[in-house]
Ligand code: ADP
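Listed next as structure tokens is one chain, alone, in the form predicted alone.
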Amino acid sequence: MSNFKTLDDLGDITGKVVLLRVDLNLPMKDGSATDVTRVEAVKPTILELADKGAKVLLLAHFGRPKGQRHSTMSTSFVQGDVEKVLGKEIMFIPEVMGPVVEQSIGILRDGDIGLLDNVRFWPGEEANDPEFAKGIAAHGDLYVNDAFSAAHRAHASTEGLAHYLPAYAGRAMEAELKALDAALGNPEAPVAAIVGGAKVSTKLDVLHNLVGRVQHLVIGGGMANTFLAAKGVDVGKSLCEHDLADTANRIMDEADHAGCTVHLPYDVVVAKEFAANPPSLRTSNVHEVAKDEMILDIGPLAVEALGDVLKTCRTLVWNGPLGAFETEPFDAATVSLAKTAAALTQDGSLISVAGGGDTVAALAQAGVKDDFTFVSTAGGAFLEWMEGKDLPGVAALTA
């Protein structure tokens, strides 16, 4: 991974204005946030900059206003939640540039924090308009990006600003980039990747990238059914993309050539209907799935075998559940393997990096979210990183 500057590289920033890009796109209900994980992630960076005497201006988006002001999408809605997490009052500034911002900076004391309005209220943000970026940059001395979850977007506040101000990674961004580098950049081999989820079509680029970079590729979720069907297994009425059989076979051939073992389940949990604890529930060999049954999880023998595979590995990257984990008992395989991975991580024998919304939820359900080496809360950015793509927001920091 190319070098990027961190907060350790800052000199004296007393009285300097820091434009800090954060992710405050919080899920809301009845006017307050239902989950403040994203604020907690950026809290160390905000407080460190404030403690060093900078005037910190938070730049964030909230919802999808598509370049127009929306009364319900102002970042002022999250101000109270941010103040609660930081334990400090912050000043709301209803613009991102111009005289109002200039006046507000004049009122802020060293170590104070201001929250600018939704940067997506202006069309120049998503267009990454250089003039718009310059307009925002005019108010700042430094730019810090602590929003990895928005790093796959080349927007003015995530990429453009880095061209006009000295640019640094915040603490959350730094941790994310170091963890990702340890997982796929310069990992300790052997490396295993677990890729689950409903559809192969959404993860094709991920699979193509991984077969050349890992020694073990575990395919779970509905995706496994598509691969099994491609190998001639009758998957009954399981969720399956039959039209992708050729693609699945091509990925398995690529894996063969690259010396990567693809792991598909040989026993599965099936039922005639998708519901919690259905009466038709049974465990079956993959070759004995009936026409009216659907595969909803991988079976206990397969999970045990995968646990043995992880014991031989040094690094694990995980994205996507192994079964229909939202409904019991189809969370069993995911929970069991997550516990194995967590135990190996705690023993110090495995570096485990997981990411994506469903994955984070599944690890939380297994009670092991805090036992992995690193869990990324970024969805799209984590996927694009797994696809081997350059993330504009990260590339701008290393330019």
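Predicted model, so just to flag it, every value in this text is computed and none were measured. From 1 onward, residues are counted along the sequence shown.
The same protein also exists as the form predicted in complex with the ligand; that form is not shown, yet it is the one meant from here on.
Of the candidates 265, 160, 221, 170, 221 is the one whose heavy atoms come within 4.5 Å of the ligand in the predicted complex; the others do not. Taking a 4.5 Å heavy atom cutoff to the ligand in the predicted complex, the contact residue among 203, 213, 216, 152 is 203. Of the candidate stretches 324 to 332, 125 to 133, 106 to 114, 88 to 96, only 324 to 332 contains residues with a heavy atom within 4.5 Å of the ligand in the predicted complex. Residue contact check for residue 140: none of its heavy atoms lie within 4.5 Å of the ligand in the predicted complex. Looking at residue 207, you'd find every heavy atom of it more than 4.5 angstroms from the ligand in the predicted complex. Among heavy atoms of residue 53, none comes within 4.5 Å of the ligand in the predicted complex. Although the partner is absent here, residue 358 is a contact residue: one of its heavy atoms lies within 4.5 angstroms of the ligand in the predicted complex. Although the partner is absent from the chain shown here, 225, 295 and 319 each have a heavy atom within 4.5 Å of the ligand in the predicted complex.
Counting a residue when any of its non-hydrogen atoms is within 4.5 Å of the ligand in the predicted complex, the hits in 179 to 202 run 196, 197, 198.
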